[in-house]
Structures are given as C-alpha cells and as structure tokens.
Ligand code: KMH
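Encoded as structure tokens, the following chain is the form predicted on its own, with no partner shown.
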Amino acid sequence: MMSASSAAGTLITVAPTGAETAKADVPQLPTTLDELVETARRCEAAGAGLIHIHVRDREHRPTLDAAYLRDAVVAVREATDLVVQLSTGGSVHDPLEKRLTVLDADPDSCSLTCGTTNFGDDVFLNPWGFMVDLYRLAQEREVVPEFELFELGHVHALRRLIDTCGLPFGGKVHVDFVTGVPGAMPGTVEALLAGVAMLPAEVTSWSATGIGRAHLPILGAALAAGGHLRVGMEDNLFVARGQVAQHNVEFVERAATLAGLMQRPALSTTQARELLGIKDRRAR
C-alpha cells in the first residue's frame, strides 16, 4: 500500500482555524489574514509541512468569498514554503456550488471529503455527484486532493472514486482520517486501524486527526502505524486537560517532538511536496 519511504518521516499538517469555533469564544483563534500568516510562519518553523485553511471574513465568520480565499493563498505562499491546502468543506451550511469555486483561488491542495456524514447536530453533505465534480475539477486544475475520511464507508467511496476518475494530478493518493466528530467515526485506535486496513492499494500516504480528547491517542496510533499527523485548533482547543491552547504552534511542536522520538522526524516542506506530488506554484 505505502512505500517504506513514506513512513521514514512525518508530514505534519496544521489546521489552525476551522469553521466551527467562534472568535468571541476563543480570541487566540487565527481568523484575520495577519493572524493566519503569523501562524503559518511559526508552525512552519516548528515542523509543519502543510497548512489546511478555512477562511473568515472581517466579522470572523466562515466564508468562501473568492477574494478572501485568494488573499489567503497568496499571503501564505509569499510568507512561507508550506503546502497551501484550502478546505472545500467550508462550513456545513455552504452550498455545493459555492464549494466548487474554492479551486479558483489556485491552492496547492484541496480537501475532498468522501461522503456525507453526521456532524454534531448538522449534516455535512457530500453526495456522489459533487465528489466526482470536485475530483475532476482538481485534476483539470492540477490541484492535489486530500481525501478526507470521516466514516469507514468513505474508504469504499474512495475506491469507487479512483475507479471512476483515475489517479489525482501528480499520481499520489493521500488521505486523512478525521476521527472523533460527534456522529461519525469514533476517535479510537481500533476504528483508525480498521480504516487503514481497508485503504485501496493506490493510497501512497495517510494521516489522521483526533477531534477533542481523541487528539493524543490518534496522534500516537498514527505515528506507530506509519501514518502522518494533522493537528491544530480546528480540531482541538486543549493542549492538556483544562489547558486551552494559546497558539497552534503548541500542537505542532508537540507533534514534531513525538515524531522525532519515534524516529520519524517531521518532513521538510520540500519532502512534503514530494510525498504529495504537489505542482510548484511558487513565484521564482
């Protein structure tokens, strides 16, 4: 399934903002462009290779406005060497048609969720036709998708997508297991490893995310099983019991430390690009 080299180092993805947490509740959440760039710089220095971006407007509300998306991509690309990935999920309330326009911002990578799932009190809608449209658009724009798997059934949908549409641009298939979302796949080691065992042979690398208190168990299990890591305040606001994170870099530093202890040090941004088959969009 994966080459031996894929487990030699660890891709650390930072997901700094998300669409669920309100700035008023967590003032340290990076929601402005300046805060996003500062976060990206510090997290890159701490070992992150990829940044997964949700954009907020001037009132700190989630938005898929084209200008905000483009400004975020350009600013982070100018300030860092991180792989820039935009969320095509937006918030659970964004219409499917608007979510397809995310690729107009020319990111290096985009998320592609492989099916509809319960999301707390809401439903995160990803019907088959939308998934195919997004996948084919990513192939056309030479944007590398990260296939996000919230359910074990999503692994089967990934198989169907590859059979229907072929391989992504760059030929690599990277997936991220999102575990611990209320109503979706639980944040347990058993659930994660069941998903890993089901992955199609075409998958070249996988990462895992543990929401909330699942953060550390999933982080440890992913490292032990040869996977990569996604951390950040989108997924978890607490660095320890009762201790709210003050900056995303706290999660990245801890992930990089644990990866080093496991003899799988954080991948450089150059190595991250090679792992994922990213097209070079950086200015020369």
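Computed from a predicted model, the values in this text were never measured in an experiment. In case it trips you up, residue 1 is the first one in the sequence shown, and so on.
The next section is about a form of this same protein that is not shown, the form predicted together with (5S)-5-amino-3-OXO-hexanoic acid (KMH).
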May I ask you to choose, among Leu193, Val92, Ile162, Leu199, the residue with a heavy atom within 4.5 Å of (5S)-5-amino-3-OXO-hexanoic acid (KMH) in the predicted complex? Val92
Name the stretch, out of 118-126, 152-160, 135-143, 184-192, where some heavy atom lies within 4.5 Å of (5S)-5-amino-3-OXO-hexanoic acid (KMH) in the predicted complex. 118-126
Triple contact flag Thr13, Glu44 and His228 to (5S)-5-amino-3-OXO-hexanoic acid (KMH) in the predicted complex, non-hydrogen atom at 4.5 angstroms: no
Given that the partner is absent here, does Glu20 sit within 4.5 Å of (5S)-5-amino-3-OXO-hexanoic acid (KMH) in the predicted complex, heavy atoms only? yes
With the partner left out here, check for me: in the predicted complex, does some heavy atom of Thr209 sit within 4.5 Å of (5S)-5-amino-3-OXO-hexanoic acid (KMH)? no
How about Thr179: is it within 4.5 Å of (5S)-5-amino-3-OXO-hexanoic acid (KMH) in the predicted complex, going by heavy atoms? no
4.5 Å heavy atom contact, Thr113 to (5S)-5-amino-3-OXO-hexanoic acid (KMH) in the predicted complex: yes
Residues from 30-61 in contact with (5S)-5-amino-3-OXO-hexanoic acid (KMH) (non-hydrogen atom within 4.5 Å) in the predicted complex: His52, His54
